[in-house]
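Next up is one chain by itself, shown in structure tokens, the form predicted on its own.
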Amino acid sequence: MIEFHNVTKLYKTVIGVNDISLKIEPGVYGLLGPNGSGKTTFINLVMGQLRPSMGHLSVFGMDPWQNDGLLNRIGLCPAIQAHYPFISGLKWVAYLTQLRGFSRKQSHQMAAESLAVVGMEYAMNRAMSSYSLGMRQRTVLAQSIAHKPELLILDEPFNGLDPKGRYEMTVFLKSWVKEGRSVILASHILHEVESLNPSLLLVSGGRLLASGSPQQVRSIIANCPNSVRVRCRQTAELAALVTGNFEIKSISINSEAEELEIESMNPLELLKLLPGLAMKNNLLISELRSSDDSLQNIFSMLMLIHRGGMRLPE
């Protein structure tokens, strides 16, 4: 569906994306990265709004740069909401749909249908200036799906949505995927993307740091040097077992909290074998988790690996 071949995009001295090569088959993808990581540049390259400074890419086998015909196969829900406050949501969506080459009558019908799908049927004839942030987000989503594209690209689609709106957005995206259409969802919040069970593309500093299923990415992180937090009443006994059976960098004991923090060069092995070792020695572990399981720590570790500052254990 999408191919990048050594694609770099420069904004004078600033790097937007840095030497990315990848192939994306039809399916569901989570494009994850901190703010300023290159996600929006990646999307604009796919949409043909930007041209690579180096390398080349194709979308559905075509060069996307200024390719208007290709845009009818893609829907974009951008992070920046641009709208005209004094016209209705229906007129706004219909006009944008008409720009894709559909007749005025067709565009009006398609706009009404898409607004109904996103739950805006009750307010589609109201001026957009009366919409809440969440209502505007739904309207922007409606314009991106009105022409029933093969690929839907969403840039931070959960912004401005309340918990009910986030749930409804997730339900909609799941139904969209079930119809056999593809989705690229750009976000900096891991759990929002994981609910769709996507393949992940992790970017930071314009670089593609890792790709794969959530389980594969977590496996990479688990094999990086990080800390494991264990809650157990017999902290001293467990600490003795750990130091006698695993290669660790450090261990700290908090007897009052009944907790150990273990820094290991191979935490995946520790996480796999520690429960069995505790059971064998009649020790009860009530909680076992990584203390570095935040998205920012994931990107920091992957960037260090990418730059050659850290090697994964064999």
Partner chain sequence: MGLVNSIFATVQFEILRVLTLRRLSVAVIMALFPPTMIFWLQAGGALASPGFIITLFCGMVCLLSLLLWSTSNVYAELEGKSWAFITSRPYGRWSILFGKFLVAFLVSFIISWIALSLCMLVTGDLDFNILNDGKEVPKMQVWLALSGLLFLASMVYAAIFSLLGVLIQRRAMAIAVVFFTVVEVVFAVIPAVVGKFAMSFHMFCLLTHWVGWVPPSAGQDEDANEILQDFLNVYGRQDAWVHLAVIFAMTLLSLSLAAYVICKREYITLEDSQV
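The structure displayed is predicted, hence computed values, not measured ones. Numbering follows the first chain given and starts at 1.
The discussion below concerns the form predicted in complex with the partner chain, not included here.
- 50 is the sole member of 59, 50, 277, 251 with a non-hydrogen atom within 4.5 Å of the partner chain in the predicted complex.
- Between the partner chain and the residues 102, 172, 131, 158, the one pair within 4.5 Å by heavy atoms in the predicted complex involves 102.
- Screening 60 to 68, 254 to 262, 280 to 288, 241 to 249 for residues having heavy atoms within 4.5 Å of the partner chain in the predicted complex returns a single hit, 60 to 68.
- Not displayed here, the partner chain is kept clear of residue 122 by more than 4.5 Å at the level of heavy atoms in the predicted complex.
- Although the partner is absent here, residue 181 is not a contact residue: none of its heavy atoms lies within 4.5 angstroms of the partner chain in the predicted complex.
- Using a 4.5 angstroms limit between non-hydrogen atoms, residue 95 touches the partner chain in the predicted complex.
- Residue contact check for residue 33: none of its heavy atoms lie within 4.5 Å of the partner chain in the predicted complex.
- Three-residue candidate spot 20, 55 and 199; no residue lies within 4.5 angstroms of the partner chain in the predicted complex by any non-hydrogen atom.
- Contacts to the partner chain in the predicted complex (heavy atom within 4.5 Å) from stretch 1 to 39: 9, 11, 14, 15, 16, 36, 37, 38.
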